[in-house]
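Just the one chain here, the form predicted alone, laid out as structure tokens.
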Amino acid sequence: MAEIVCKLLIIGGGPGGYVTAIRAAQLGIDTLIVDEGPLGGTCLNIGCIPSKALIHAGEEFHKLTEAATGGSPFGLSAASPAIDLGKTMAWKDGIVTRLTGGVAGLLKKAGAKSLRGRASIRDGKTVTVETDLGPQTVHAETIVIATGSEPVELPSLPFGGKVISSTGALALTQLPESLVVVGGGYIGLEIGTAYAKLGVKVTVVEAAPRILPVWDAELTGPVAKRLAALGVEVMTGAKVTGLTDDGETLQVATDDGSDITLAADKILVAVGRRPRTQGFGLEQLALPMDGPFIRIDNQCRTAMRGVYAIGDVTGEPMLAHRAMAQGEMVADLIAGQPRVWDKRAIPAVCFTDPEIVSVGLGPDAARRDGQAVLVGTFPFRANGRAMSLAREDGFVRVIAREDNHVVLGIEAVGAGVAEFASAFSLAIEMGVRLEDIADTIHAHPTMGEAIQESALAALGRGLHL
């Protein structure tokens, strides 16, 4: 058995793992990153990036369909559109290949080594990696666990046949005529909306009383309206109980106490994700856990000296950019630099139509914290740029302390507002007050003017409403 000695071993090549590796190697640390799959993890290969590519393709096809059916608000017309889904998926896969190849290049440029294989922890300093060339033993001074998360499988609806996970939904090469999405969270609605725009009959089955329960009803209202406009049927308060005996039809218990069946060519189960803590020998370390997650402190240290954990395996929010920030910090710590996790906010983005973005506290969360708050809202129906795009649905909302006007949170729902996330995050991290946003010149005509107007509204100085 071959043996490798390094200072830092990272298990998991997703956004958290590869950022840790790049940063650590830049700092001169002898670094090895191990993953049994391609670099980039769920995000680059089967998650964030491919889903956004499919969402964009769906939007473009929907615009063509509107033009072909006389529904274009711009007076455009077109012949009946068609789609070659296989070609769409090949385009999507090309993006993934470019990005994962880019990660490999960045690791090489920084001087980090990578190894393809399944890692299995033997103790806090030793890991066995099963590679195509046989097992290799890695001895490391420090280990970073960055194994990510995986889709939750329903016992009554195991993956297989017509029952698919988000990974399967992003790899279809032929459009199904009908798709049932089990789960009205962001993953199910993002993918479901994309397929609805591609002409698929989509039904969403959600057990909670409404979709996207992470956000309040005011923020999710425009999304619900848009789903209805796209012809997506949404069943809330409905629970899936399994398939019929022939495996062809979905059984659903509705909120009025009746049992119904739903026929579908494909059934996408998107009921959440769980941390990947099994299958790589984590139990050998007997680390304390926080529920299903590895317990860490404010420097991502586990209870074992020299063993760190980052990303989805450490808790919510399970987001790639949180993992990246943790990885960068951990690399600095291993290099001896003083760092601590003191982020004020982590942006959350939902790429539905319209999109939702939130940073910091919403009004209800701020009040639950005992804060007296000012809330300013500005609708896109009063924004010139939104009108010119024919997307007047949605709004920007700012939440600030009543006593000193320090901004606690900024949220928005609307077409393209995901790009607001950086501005929102910067404002929260910089500790801005309402007056800072209100007195900053915002370019006209842009949808971003709604950010300034929401701050003005909170101050009682609204100009354009």
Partner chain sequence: MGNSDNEIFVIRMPDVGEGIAEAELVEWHAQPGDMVREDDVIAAVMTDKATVEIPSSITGKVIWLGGKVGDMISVGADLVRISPDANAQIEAAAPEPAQAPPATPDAAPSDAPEPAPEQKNAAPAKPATDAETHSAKPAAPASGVPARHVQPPRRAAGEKPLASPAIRRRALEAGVDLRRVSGSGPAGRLTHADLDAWLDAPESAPVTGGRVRRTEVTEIPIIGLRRAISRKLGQTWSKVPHITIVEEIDVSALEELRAGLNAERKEGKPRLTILPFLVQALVRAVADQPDMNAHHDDEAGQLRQFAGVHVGIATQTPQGLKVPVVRHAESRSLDDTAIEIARVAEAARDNTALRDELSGSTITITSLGALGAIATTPLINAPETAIVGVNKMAMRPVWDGAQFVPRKIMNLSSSFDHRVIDGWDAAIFVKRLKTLLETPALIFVEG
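Treat the numbers as computed from the prediction; the structure is a model and nothing was measured. Positions refer to the first chain, counted from 1.
The same protein also exists as the form predicted in complex with the partner chain; that form is not shown, yet it is the one meant from here on.
Residues 369, 406 and 461 are all found to lie within 4.5 Å of the partner chain in the predicted complex, as judged by heavy atom distances.
Partner contacts here mean any heavy atom within 4.5 Å of the partner chain in the predicted complex, and among 62-70, 27-35, 395-403, 410-418 they occur only in 395-403. Remark: residue 305 does not count among the residues lining the partner chain in the predicted complex, judged by a heavy atom distance of 4.5 Å or less. In the predicted complex, residue 279 stays away from the partner chain, with no heavy atom inside 4.5 Å. For residue 105, no non-hydrogen atom is located within 4.5 Å of the partner chain in the predicted complex, even though that partner is not displayed. The closest heavy atom approach of residue 153 to the partner chain in the predicted complex falls outside 4.5 Å.
342 is the sole member of 177, 342, 290, 316 with a non-hydrogen atom within 4.5 Å of the partner chain in the predicted complex.
Residue 332 is the only one of 233, 216, 93, 332 with a heavy atom lying within 4.5 Å of the partner chain in the predicted complex. Residues of 414-444 placing a heavy atom within 4.5 Å of the partner chain in the predicted complex, in sequence order: 429, 430, 431, 432, 433, 435, 436, 439.
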